[in-house]
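Just the one chain here, laid out as structure tokens, in the form predicted on its own.
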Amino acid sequence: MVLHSLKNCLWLSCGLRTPKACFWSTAGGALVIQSVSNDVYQNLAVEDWIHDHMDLEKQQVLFLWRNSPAVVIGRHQNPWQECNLRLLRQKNIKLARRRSGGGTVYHDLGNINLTFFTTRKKYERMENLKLVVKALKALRPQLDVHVTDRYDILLDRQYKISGTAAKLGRTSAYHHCTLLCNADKFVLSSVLKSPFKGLKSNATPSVPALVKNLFEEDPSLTSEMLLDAIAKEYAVQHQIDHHITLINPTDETLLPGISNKTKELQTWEWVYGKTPKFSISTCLNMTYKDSVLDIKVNMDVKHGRIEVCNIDLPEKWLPPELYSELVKSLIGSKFCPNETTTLVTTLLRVCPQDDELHSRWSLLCENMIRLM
């Protein structure tokens, strides 16, 4: 395997006059690049940049990347439905929304991501997955791996080791897939389990599957070996030299405008605000002074903001004016624990100085925030 720094290569070849020309100058009809970053937002931004800026008619691209712990949802998915957001916050695991469809996946350094860029006319995900299988077989002939009609790669005919998603533009397209090498399966199963009950949504749901790491089948494998084998097979099929070119996704000189793409992918408006409209109809079981109260909550959420809110409180639980102020403040606000915490803290300041009232208020608000 030969690794090059794309930046150095580009400076030498064309003086960095235009980024597109620089990319083209590194190879003929195809190029294999690998990110030096493990940041999910930066790597997703590279996908956007290549899709938007490169002339894939002249040169196809295979992009190799790995991320620090992150959960990545599909373009049309609902994060409250797909994962345990509270656990993500506790474990400091990033949440990202990609631009392609498909289901939710967990990434860590034990997972490899592969993105195949072509023109829309040449888009062919089955061929890409067969390439991955061929690379795995070349590395370890005994591996029982095959591609399914759902475009998954299965190990031993039952364990999913790779899932697929794609984005088809007007003229450009990309197909990306995961490859489970040595991911933390305990964390994977924990974070991809939503505790939410009573959520109704038309968002695309994920399809659960049994998973297994390749390293469980063969502990002698490494991520580097797998990356190299896939890059080698790609090079053979595209009749190019076997080189992996390293790129830095923060390099504005190399990728003009990349930082803006990265920032957009991190915004609340993109990650949560792009969630298709959904409704919540649930019951809060609250214990107060040796009694259990069932508080019915109904909400409609659009663009990640509360559009309709009804909280069925016991009579005299809160003064009517305070209840009205709470509902009024929630409508239009983000369905988000941070914003709701700020909101209820502000309302508490104008609440009558009554210890029991404050206790009831705090209990209700804590349970409301747990919903988010």
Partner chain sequence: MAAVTALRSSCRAAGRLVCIHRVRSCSSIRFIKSKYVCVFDKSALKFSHQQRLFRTSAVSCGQIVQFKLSDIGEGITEVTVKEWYIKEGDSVSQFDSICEVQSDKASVTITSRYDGVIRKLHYSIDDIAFVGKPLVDIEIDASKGVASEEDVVETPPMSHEEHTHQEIKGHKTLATPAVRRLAMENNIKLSEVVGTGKDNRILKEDILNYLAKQTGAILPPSPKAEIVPPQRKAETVPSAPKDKARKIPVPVSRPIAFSEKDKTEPVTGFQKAMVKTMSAALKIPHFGYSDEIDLTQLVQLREELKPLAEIRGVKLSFMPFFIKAASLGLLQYPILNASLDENCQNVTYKASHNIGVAMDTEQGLIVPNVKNVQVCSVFDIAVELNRLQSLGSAGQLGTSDLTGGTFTLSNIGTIGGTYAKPVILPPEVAIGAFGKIQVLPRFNSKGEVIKAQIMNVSWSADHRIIDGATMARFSNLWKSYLENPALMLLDLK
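Numbering follows the first chain given and starts at 1. The structure presented is a predicted model; accordingly, all values stated were derived computationally and were not measured.
The following text describes the form predicted together with its partner chain, which does not appear among the structures shown.
For the candidate set 272, 123, 159, 196, a heavy atom within 4.5 Å of its partner chain in the predicted bound form is found for exactly one residue, namely 123. Listed residues 263, 75, 200, 238 were compared with its partner chain in the predicted bound form; 75 is the one with a heavy atom within 4.5 Å. Of the candidate stretches 219-227, 139-147, 293-301, 94-102, only 94-102 has residues with heavy atoms within 4.5 Å of its partner chain in the predicted bound form. Taken together, the three residues 178, 208 and 312 lack any non-hydrogen atom within 4.5 angstroms of its partner chain in the predicted bound form. Taking the partner from elsewhere, residue 348 is found to have a heavy atom lying within 4.5 Å of its partner chain in the predicted bound form. In the predicted bound form, no heavy atom of residue 320 sits within 4.5 Å of its partner chain. Taking non-hydrogen atoms only, residue 165 approaches its partner chain to within 4.5 angstroms in the predicted bound form. Its partner chain in the predicted bound form is approached by residue 332, whose closest heavy atom lies within 4.5 angstroms of it. Residues of 318-342 that come within 4.5 Å of its partner chain in the predicted bound form, judged by any heavy atom, are 325, 328, 329, 331, 332, 333, 338, 339, 341, 342 in sequence order.
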